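Taking the form predicted alone, here's one chain by itself in structure tokens.
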């Protein structure tokens, strides 16, 4: 690895370990890895051990092995997930471990020529127990981007490989605020802005949000006393952490029975397995998806939304203002962590019960898939219980 890239990897690792996950002495640290991301995993391991970690546990996922399964395995076995996959996640929760995930595609298009229905049935590397651990708040966790040549080529196809990777690194350094003299201080300042916006939204107690824009006329009902959350998370034991770096969103869990209208995605969606869903248009009635169209990835995404009854309902609504660093770049990263923090988004599937006064009203599902619906052309209006309409986001600016 070039010396400059190694230096940047160590900076990113320190941010994820020390500030994002906030790894504590004596903790187990679980790190997810895919081919091509080993260099950052090793930097993370070194950083974690320097902070006194008891053990760094690396979990490996290979998308080419997944391809072999979808291509050759018996159809009846595609839904099988070994029980120890879920038990591993639950054990990390019981151990009060730290968890760090690395995003960014390593094998774009590796499944594109395979049966999309079969591809949609194999949901790995996602496991349903991850949502349980998040909602139980038993681990301090964070996710961050990991540049790879394959990802760089996907984002900047017109550049030579080395130049594309360099450009990707430059943008990730910028959006992670690693170009600041004190990145942690910069993140704390941004965190306080987001927390303030979340507090104002909670105080307004809107009954619904209305989204209007090209191809979008969507009303999402909200639950009574629902709390809006931003970048600052805290475990059940009081340990603070930043779940995503970078993060620019404020979010809550909506009423899963009250979504009506149509919505058009404003950025491509990349599923966990690398499938790209482009030009997504979704219609809702009575809270559930009634129509779904896309120019690419349609069948795979539709299959995901049929995983269980909750998979076709919303579990999250998130608002992103125009002051963040990601949207200003006008880059499509083909990575949900970055793209969802460039624009307001919604997610089908599992909700966040810990944000609700009555957790039983949260949507339940084995999946949680975000897709981006925001842009400067999309206006978000809050609707009170009395029917008053209050501007919330207009041209990317907060109005509350």
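Residue numbers count along the first chain shown, from 1. Treat the numbers as computed from the prediction; the structure is a model and nothing was measured.
Another form exists, predicted together with a further copy of the same chain; not displayed. Remarks below refer to it.
Peer 1: Please pick, from 73, 163, 225, 186, the one residue with any non-hydrogen atom lying within 4.5 angstroms of a further copy of the same chain in the model of the complex.
Peer 2: Exactly one residue meets the criterion: 73.
Peer 1: Exactly one residue in 214, 286, 82, 157 has a non-hydrogen atom within 4.5 Å of a further copy of the same chain in the model of the complex; which is it?
Peer 2: Result of the distance check: 82.
Peer 1: a further copy of the same chain in the model of the complex: within 4.5 Å of a heavy atom of each of 137, 203 and 250?
Peer 2: No, none of the three is in contact.
Peer 1: Residue 38 versus a further copy of the same chain, in the model of the complex: is there a non-hydrogen atom within 4.5 Å?
Peer 2: Residue 38: yes, in contact with a further copy of the same chain in the model of the complex.
Peer 1: Taking a further copy of the same chain as it sits in the model of the complex, is residue 58 in contact with it (heavy atom to heavy atom, 4.5 Å or less)?
Peer 2: Yes, contact at 4.5 Å.
Peer 1: Check residue 354 for me: does it contact a further copy of the same chain in the model of the complex (non-hydrogen atoms, 4.5 angstroms)?
Peer 2: Output for residue 354 is no: heavy atoms all beyond 4.5 Å of a further copy of the same chain.
Peer 1: Can you tell me whether residue 45 touches a further copy of the same chain? I mean in the model of the complex, with a 4.5 angstroms heavy atom cut-off.
Peer 2: It does: once a further copy of the same chain is placed as it appears in the model of the complex, residue 45 has a heavy atom within 4.5 Å of it.
Peer 1: Tell me which stretch of 91-99, 277-285, 306-314, 188-196 has a heavy atom within 4.5 angstroms of a further copy of the same chain in the model of the complex.
Peer 2: In the other structure, the partner sits against 91-99.
Peer 1: If we check a further copy of the same chain in the model of the complex, which of the residues in 104-136 reach within 4.5 angstroms of it by a non-hydrogen atom?
Peer 2: The stretch touches the partner through 124 alone.
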